[in-house]
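Presented as structure tokens, the chain that follows is alone, the form predicted alone.
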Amino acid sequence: MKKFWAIFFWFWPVVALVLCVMAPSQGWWFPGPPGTQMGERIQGLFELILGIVTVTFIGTNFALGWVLWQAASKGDDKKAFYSHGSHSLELIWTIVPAFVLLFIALYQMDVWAEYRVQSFYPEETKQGSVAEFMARQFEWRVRYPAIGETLKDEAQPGDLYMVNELHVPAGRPVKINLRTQDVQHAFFAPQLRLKQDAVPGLIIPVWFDVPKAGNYDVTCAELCGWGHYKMKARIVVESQQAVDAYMRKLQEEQTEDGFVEEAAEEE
């Protein structure tokens, strides 16, 4: 029984490692490969940090198990050894984590600069945002500029609206303005590996480039109230012609007054 806790601390790292190896084949990992080039780079950062954390977790648990095993293996006639600590050990476990954190901070700078610093955005996105993505309890409200117009920060009379569905062209960078109408929400597109908090009072630009047409899920990743689970939307990526046709249809639907002119009576 003395060695139970040593085995206990050795057991869980093995279980965690086995589950991580099984995760991709069982669908417990990301939902498919990254849908964007930026998503691939963000996933690379995630996997780097995951690898560092995994090695640290396994190493510390096995070290703890080894100490417990050694203590349990000693006879009852041996006296306990008391120590006030080791300055060398203190330096090691202070400097090594600091080195690791500094490495991560420097390694990720170019990725986050391209993703978050507007001066590094693709040139096409600097022409303006294609839509406003407004989070509110509990839905995503999409506002497009009128056909032929540019998106303004404030709503304009000719703006077009949709709920929980954003249409963008495939194969070129697009930018949206992320906002929230009430509490803090979080825009999360797992298939694209994109995540950004929506903060009250701020207009936050988010850009992405999806080369492959299809539907991509959007959820809220911030616990925002009782209806948090309902905040599901989708990004519809299609050809530019399809986007233009969708915008014309949206404009027709929102300007339709319901009046049908009767055909003139024949004389």
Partner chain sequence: MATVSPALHGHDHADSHGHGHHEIGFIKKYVFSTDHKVIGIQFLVTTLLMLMVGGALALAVRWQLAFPWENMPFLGDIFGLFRTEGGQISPEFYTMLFTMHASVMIFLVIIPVLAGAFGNFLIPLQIGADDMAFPVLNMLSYWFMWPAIFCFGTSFFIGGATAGPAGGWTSYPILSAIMEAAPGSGDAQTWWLFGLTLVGVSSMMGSVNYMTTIINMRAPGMTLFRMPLTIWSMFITAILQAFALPVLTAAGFMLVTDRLLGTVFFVPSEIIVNNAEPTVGGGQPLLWQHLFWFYSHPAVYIMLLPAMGMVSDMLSCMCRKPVFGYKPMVYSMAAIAGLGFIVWGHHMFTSGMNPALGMTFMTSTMMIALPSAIKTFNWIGTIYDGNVKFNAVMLNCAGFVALFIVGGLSGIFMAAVPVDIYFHDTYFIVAHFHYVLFGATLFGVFAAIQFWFPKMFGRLMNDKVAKVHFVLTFAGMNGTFFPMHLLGIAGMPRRYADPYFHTYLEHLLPMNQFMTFSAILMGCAQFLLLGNFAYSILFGEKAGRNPWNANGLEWSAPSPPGHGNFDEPPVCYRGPYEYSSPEAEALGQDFILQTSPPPAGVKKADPAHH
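Numbering follows the first chain given and starts at 1. Computed from a predicted structure; not experimentally measured. Under this definition, the rigid core comprises the largest set of C-alpha atoms superposing within 1.5 Å between the forms.
Not pictured, yet referred to below: the form predicted in complex with the partner chain.
Exactly one listed residue, out of Glu139, Asp182, Asp159, Glu165, brings a non-hydrogen atom to within 4.5 Å of the partner chain in the model of the complex: Asp182. Contact between Ala16 and the partner chain in the model of the complex is found at the 4.5 Å heavy atom cutoff. Remark: Lys195 counts among the residues lining the partner chain in the model of the complex, judged by a heavy atom distance of 4.5 Å or less. Using a 4.5 angstroms threshold between heavy atoms, Gly148 stays clear of the partner chain in the model of the complex.
Using a 4.5 Å cutoff between non-hydrogen atoms, Ala245 does not count as a contact of the partner chain in the model of the complex. In the model of the complex, the residues of 39-74 lying within 4.5 Å of the partner chain by at least one heavy atom are, in order, Ile42, Leu45, Phe46, Ile49, Leu50, Val53, Thr56, Phe57, Thr60, Asn61, Ala63, Leu64, Trp66, Val67, Leu68, Gln70, Ala71, Ala72, Lys74. Core-superposed comparison between the shown form and the other one: the Cα of Trp93 travels 2 Å or more.
After superposing the rigid core, the Cα of Thr60 is displaced by 2 Å or more between the shown form and the other one.
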